[in-house]
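In structure tokens, the next block holds one chain alone, the form predicted alone.
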Amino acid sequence: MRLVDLRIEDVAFGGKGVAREQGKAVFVPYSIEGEIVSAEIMREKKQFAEADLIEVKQLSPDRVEPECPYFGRCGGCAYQHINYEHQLAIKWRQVRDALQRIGKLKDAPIRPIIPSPKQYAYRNRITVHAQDGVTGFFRRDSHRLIDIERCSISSDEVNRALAELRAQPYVSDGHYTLRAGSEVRVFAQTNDEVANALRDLVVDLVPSNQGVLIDAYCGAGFFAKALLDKFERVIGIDWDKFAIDAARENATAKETYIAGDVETELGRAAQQTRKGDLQFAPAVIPTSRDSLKSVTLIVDPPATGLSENVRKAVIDLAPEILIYVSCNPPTLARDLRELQEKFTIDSVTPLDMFPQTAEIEVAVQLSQRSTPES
């Protein structure tokens, strides 16, 4: 371990500042581009090193005082030391850089980032951990817990639930999901206002009078149900049976929700559309050939992105419109690089679903290429 003075050149996806020392990238948390810092090299690899911030010798004008007393020790937030407007600029740039570096997309049509109306107190749920009398979150880069009395980015209702848990005479070791409301729900976004903005954006991206919507990773039908008026048929697919049960509860005659593997079901659909029907695990879903000419596909995968087989199924299915919602710009960029074979990227919209953290949500609108790429 050794001390070095560094000039921070950029902030990488994940939240750490990037400097150079003897040609090697050095990652320094809680730093901002333009700052000069003193850092201690903690881990050194062949092509990069990781350091701890010791002192900021030249401050960025975008540096602010964090609101949370646990910031810097708790591993949840990465950007509380940066003013919000600059957080948005960093995240927009990280999306652009991922698309250029990983996706090889030089001129992707990236729209302005959609901000969160609330920069703090926005989370409608958190998962805390209890072990040996400590209740809280994991420390940064560690599996050790830090005792947390209040989470600054969580809503008052969630913090009341945390206080109630901590007030119990004995908290058993384990994991506890605390929600704004006691109702047990299937997966939903944790920032209600930005989730609604995302849903409205997806609705706006899809024209009216469309044939078939296939909503992969549909959950309880968050996007599918908002788009009902624009389609003749709506099919949702998700592995989560509880989510599918919730989607089916108030489904109309035009909706079909399938509890199954997205990879399997999309592969089957890609084969069957050529025959004039949509074939899924439960049954053949009769669909007119005119409807099949205007298929829209929404994919909202986990952070790992689309598997190789799902990417192949999407290319084979060749929907007229493809909407890709991602929570991980690097895997999104990887997938888009391959999907360019069949699709043109019409728009890329970042959304700040998680202020103060390094996470970024992105919605991409693609359309089927009318002619093969020359």
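From 1 onward, residues are counted along the sequence shown. Keep in mind the model is a prediction, meaning the values are calculated, not measured.
We do not show the form predicted together with a small molecule, though everything after this point is about it.
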Sort through 112-120, 135-143, 151-159, 296-304 and report the only stretch with a non-hydrogen atom within 4.5 Å of the small molecule in the predicted bound form. 296-304
If the cut-off is 4.5 angstroms on heavy atoms, which of these, Ala78, Val234, Val194, Cys218, is the one near the small molecule in the predicted bound form? Cys218
Which listed residue (Asp261, Glu85, Asp245, Asp147) meets the criterion of a heavy atom within 4.5 Å of the small molecule in the predicted bound form? Asp261
With a 4.5 Å heavy atom cut-off, would you call Asp240 a contact of the small molecule in the predicted bound form? yes
Could you confirm whether Gln189 comes within 4.5 Å of the small molecule in the predicted bound form, counting heavy atoms only? yes
Residue-level question: is Tyr257 within 4.5 Å of the small molecule in the predicted bound form, judged on heavy atoms? no
